[in-house]
Ligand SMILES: Cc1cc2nc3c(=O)[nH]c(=O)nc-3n(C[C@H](O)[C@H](O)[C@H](O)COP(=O)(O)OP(=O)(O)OC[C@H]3O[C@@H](n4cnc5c(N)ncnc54)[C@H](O)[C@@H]3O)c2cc1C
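Below you'll find only one chain, the form predicted alone, shown as structure tokens.
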Amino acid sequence: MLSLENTENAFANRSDKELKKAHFVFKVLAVSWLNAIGTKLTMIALNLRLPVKSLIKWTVFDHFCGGETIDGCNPRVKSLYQYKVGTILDYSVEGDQNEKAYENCLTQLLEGLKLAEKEEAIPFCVVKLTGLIPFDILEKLDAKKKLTEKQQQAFERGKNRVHQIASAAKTANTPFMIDAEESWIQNTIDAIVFDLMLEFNKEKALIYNTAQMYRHDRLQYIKDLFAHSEENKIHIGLKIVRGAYMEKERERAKDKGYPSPIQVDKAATDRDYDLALAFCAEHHDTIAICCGTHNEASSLLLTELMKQRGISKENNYFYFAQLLGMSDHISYNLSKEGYNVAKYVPYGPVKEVMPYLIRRANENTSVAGQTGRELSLIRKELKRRSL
């Protein structure tokens, strides 16, 4: 019987020193006011060029990130793969919206795909399209507004970058995932990704879209996408997550006076998440999924669905994924049982990755029980080791 409670498996990759440091990181995250003040002071200190980088690198950066460069991620990639846990390289520099930043993001992604072509420890690469295409242009297209000639040219350059990545993914034979973003640009992202699927997913799932199941329309989106795939004789790649922009979505809907796209409660999100897993398992010949979750019940459900459908644990259309530094009890226990597992491994210069790290910190304090769960498991393992 598969259990996700085995902390010896969960923290087998961590030395006693590393486990104690993880305990310290989550203890800090557990104090909401300290967390809030700390993240603000950290950004101020970095902007003032105060000597705090080494402290950040030693604590939260080292815990949640792979390194500052792709090469810097190599030790973490190898460490994970010793336990058959793959790496999803995630260039996590956010915020800059200019051509130089887009081209740099493109370069990083192409380098990541070249590495993945040679390295079986990297089963996927991933990108947010706003790292390649201006957010305001995606927003304007989603609102069905006409682009200026200059904006149209910028959009075409962005689409060309995305196509370069898809072509490189095909050459590298490495599936490429496109993250979900805010609902007011998601329809345009969905359309871009579907066009890529039409071109690149004829033989297998190479291009993946992401469905955030905290949106009440995403289960229907998945069913509609499957119907379109049947008509066009293509495979579908889907990363299924609960979602990352809930407060922002609800606030915008309230401010602008439109119905919130977010589910009425967590129970509805959990229901649709699990229904999405069941639907994908039912159509496993043409739907490939990456089950991105820190939820034990959903992870265990997918293992049961795979058994019921006779889907092999090694079937590369079925992956489980968690963020680096979180939910190791899910990742390593599933991997120990032979399931395909990968960790999202963010990387980038410390200062530029801080917005990502702040979001991780905020999510840990806002997701009910997440930090407490991490701490309880770490303490259980510390006790087992009698540390």
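The numbering used is simple: start at 1 and walk along the sequence shown. Just so you know, these numbers come straight off a predicted model, no measurement behind them.
Although it is not shown, the form predicted in complex with the named molecule is what the next lines describe.
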property: Candidate spot 139, 158 and 188, all three touching the named molecule in the predicted bound form (heavy atom, 4.5 Å); result: no
property: Of 248, 204, 266, 233, the one that lies within 4.5 Å of the named molecule in the predicted bound form (heavy atoms); result: 266
property: 214, 279, 184, 102 - the one with a heavy atom within 4.5 Å of the named molecule in the predicted bound form; result: 214
property: Partner-facing stretch of 149 to 157, 256 to 264, 193 to 201, 223 to 231, counted where any non-hydrogen atom is within 4.5 angstroms of the named molecule in the predicted bound form; result: 256 to 264
property: Contact test in the predicted bound form: residue 294 vs the named molecule, heavy atoms, 4.5 Å; result: yes
property: Residue 242: touches the named molecule in the predicted bound form, heavy atom cutoff 4.5 angstroms; result: yes
property: Residue 321: touches the named molecule in the predicted bound form, heavy atom cutoff 4.5 angstroms; result: yes
property: Exercise: residue 180 in contact with the named molecule in the predicted bound form, heavy atom 4.5 Å; result: yes
